[in-house]
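One chain comes next, on its own, written as structure tokens: the form predicted alone.
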Amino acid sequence: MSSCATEPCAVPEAAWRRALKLIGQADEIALSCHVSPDGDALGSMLAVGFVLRSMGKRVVASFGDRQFAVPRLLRFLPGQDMLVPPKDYPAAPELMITFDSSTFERLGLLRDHTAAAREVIVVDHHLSNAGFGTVGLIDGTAAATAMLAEQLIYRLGGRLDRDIATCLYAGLVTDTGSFRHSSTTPAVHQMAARLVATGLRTDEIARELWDRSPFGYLKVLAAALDRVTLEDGLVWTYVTRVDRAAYGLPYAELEGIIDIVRRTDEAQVAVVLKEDDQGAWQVSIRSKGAVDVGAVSAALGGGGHHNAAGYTAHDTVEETMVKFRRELGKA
């Protein structure tokens, strides 16, 4: 199933051939994904890692966060024995493959390793991808990087098993919002059918991803909703380090707040500012379709898609929102 019959087709065949040649020649392959990995980033990386190991390759995988820890919601994913902290990652990999990272900067502490790598294959589905690396397996029409990861697996001669399918399914449902987003195409459902056919438990995956939270999350969510603001088609709020510290809530637990705020009927755009452990604001943006928030985010140094994007800000909440409103007005 290496044809484009049911898979994204925007990647030139020459790029696929070059990627397969590099992988075939390499003894050790270093995998990476973006900082604060979501299901698509981590799931795609681990799924491909399984196949590379089955080919006899030495595989090491990581992501460049200063506080290296798999988000609690993703700890059910198999294959995490491949993961090492950035300090144990090869300084100058023979071959590096990045997943779901639209920019060099999104690799965090692994940026220097990427710059020193002999070859870098970029596997990604962001329209805003900056084109870093030496080979690009990039398709902005794909609903998730997991779709490209699946095609890479087939082209490498790999087969789906339950572990690989679990990783890919986590990526697919994460980036399609459980098949609710407009990016959900027939190819997405066809891929889901192939994955489910391996025997994975979709109910268990859904429970891990969306139906579990520590009690402190409810308190922090209440604080965020208490200060939520609606103005001119925009709804926004913020969460501080102090909010989280009061309940010992890790930053990674804040991911779902944007999905609650975005439900507001009166708003076309939703924004949640989340203060990370270093004091920077991670800005999550969602659109209902009328506004290209990917373009807004790109103008502010970030990236993403038409309806879902994000960037990092180092100003105050007020200054960050002034700049955001300015770019939103242009959009």
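Residues carry their position along the shown sequence, with the first being 1. Just so it is clear, the structure is predicted and the values come from calculations on it, not from any experiment.
Although not depicted, the form predicted in complex with a small molecule is the subject of the following passage.
The small molecule in the predicted bound form is approached by H305, whose closest heavy atom lies within 4.5 angstroms of it. Within this chain, H126 lines the site of the small molecule in the predicted bound form, having a heavy atom no more than 4.5 Å away. Taking the partner from the other structure, the small molecule in the predicted bound form has no heavy atom within 4.5 Å of any heavy atom of R262. For the chain shown alone, A19 is not a contact residue for the small molecule in the predicted bound form, no non-hydrogen atom being within 4.5 angstroms. Distance criterion of 4.5 Å from any heavy atom to the small molecule in the predicted bound form singles out A309 from the list M321, I23, A309, V11.
Listed stretches are 24-32, 295-303, 65-73, 49-57; the contact stretch with the small molecule in the predicted bound form is 295-303, by a heavy atom cutoff of 4.5 Å.
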